[in-house]
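Listed next as structure tokens is one chain, alone, in the form predicted on its own.
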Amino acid sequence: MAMKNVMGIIYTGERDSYLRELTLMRAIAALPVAGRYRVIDFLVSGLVNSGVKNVGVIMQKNYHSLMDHLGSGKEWDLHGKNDGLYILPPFLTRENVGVYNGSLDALHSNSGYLRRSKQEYVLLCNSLIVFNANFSDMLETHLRSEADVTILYSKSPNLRRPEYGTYFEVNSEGIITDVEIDPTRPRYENACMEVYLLRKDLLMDLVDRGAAHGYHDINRDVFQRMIRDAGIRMAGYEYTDVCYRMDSVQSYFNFNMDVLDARVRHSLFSEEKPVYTKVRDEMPARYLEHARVVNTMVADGCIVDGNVEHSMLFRGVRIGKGARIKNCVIMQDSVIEEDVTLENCILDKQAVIKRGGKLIGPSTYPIVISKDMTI
């Protein structure tokens, strides 16, 4: 079956409080990563590369940055006459202030979009995990197994968290036999990547029944009950490539530092699965007389005249003469003036560090400078 018979739904906006200043004005899906991308770029690109033509993005509070980034979907070739990219902002009422209580509530509020879509299958995805997958094999496995729901999972240690996450046991036939949610110590090594493939009519039935019972979370309130009550056949599909969960400042920092590793970078940005993003026309990066750059990703538009080591420079960053930057993530259009020392820091957009400033944080808990802040 062709992937054109599959629609994608991306649910955004959960657990953003754990990223502190980085998500005050944006959803996790809109977080800048890897020099010029956003977290959601990997998921949307994976859907498009797989052949999905209808993608809906369910948004919550602080969605303006994400909506501006996605635009009409032109960069992902999702702006045609048929199907395309659909932005689904929250329906605001006196009771609903723009925050869903869970994925089930979000799907119920957007049931009209589900009903109007022509596709037979749905790929339901969360936006917390960065990975670059082709979902065609997952669809073929789902059809062969005759399962009602197929869930993407990984054995990667990057996804395991104490007291957080969904983990399950998979038997030799690939069928899920047990699920545990938010365990203190996960017993199973199979971590759910929160990507679910199922028929659209089944999803709508589950959403309607869940809403009627006052349920909110599709993992805890629907899928876990299904496995326990043995009412629906659920299969697992293992994802074996690199993946990262964006649920804390440390995990965000570690991901950007890991991308400096060629093995990780080539896995995420392969020729067969390109990652698309919003285009910003800039001049190439310039390295001035005193520049010394080692193991650093430097985006277009940067002007460097200092020492930069093992760091991530986004578009338009300026590094002054005599500055010493090490193990830092510096976002778009930030300015580091002369003789500044930064180590283990994350600077949000348009941050300015004045001449002679010094910020050194521990690698396990990097210093975060908010957007537009001057120090």
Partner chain sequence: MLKKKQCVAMLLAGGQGSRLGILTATMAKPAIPYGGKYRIIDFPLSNCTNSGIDVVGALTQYQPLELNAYIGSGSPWDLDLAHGGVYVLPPYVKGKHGEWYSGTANAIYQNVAFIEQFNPDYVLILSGDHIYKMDYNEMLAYHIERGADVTIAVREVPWEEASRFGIMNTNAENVIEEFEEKPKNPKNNKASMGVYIFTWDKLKAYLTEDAADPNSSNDFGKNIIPNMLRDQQKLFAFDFNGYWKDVGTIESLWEANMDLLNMPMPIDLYDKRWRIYGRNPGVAPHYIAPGGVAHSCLITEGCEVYGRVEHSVLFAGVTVMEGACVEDSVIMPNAVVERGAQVRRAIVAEGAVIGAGAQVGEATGNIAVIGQNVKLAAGAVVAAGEQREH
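For clarity, every value in this text was computed on a predicted model and none was experimentally measured. Positions refer to the first chain, counted from 1.
Just so it is clear, the following notes concern the form predicted together with the partner chain, a form of the same protein that is not shown.
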Fill in: 4.5 angstroms heavy atom contact with the partner chain in the predicted complex for residue 275
yes
Discussion item. I'd like to check something about residue 282: if you look in the predicted complex, is any of its heavy atoms closer than or equal to 4.5 Å to a heavy atom of the partner chain?
Written reply: yes
Worksheet item: Is residue 315 close enough to touch the partner chain in the predicted complex, meaning at least one heavy atom pair within 4.5 Å?
Response: yes
Discussion item. Just checking whether residue 330 would be counted as a contact of the partner chain in the predicted complex - the rule being heavy atoms within 4.5 angstroms.
Written reply: no
Item to complete: Given that the partner is absent here, state which listed stretch (243 to 251, 114 to 122, 138 to 146, 299 to 307) has heavy atoms within 4.5 Å of the partner chain in the predicted complex.
Response: 299 to 307
Worksheet entry | Listed residue that, although the partner chain is not shown, lies within 4.5 Å of it in the predicted complex (heavy atoms), from 181, 260, 87, 204 | 260
Discussion item. Which residue, 36, 349, 53, 26, is the contact with the partner chain in the predicted complex, using a 4.5 Å heavy atom cutoff?
Written reply: 36
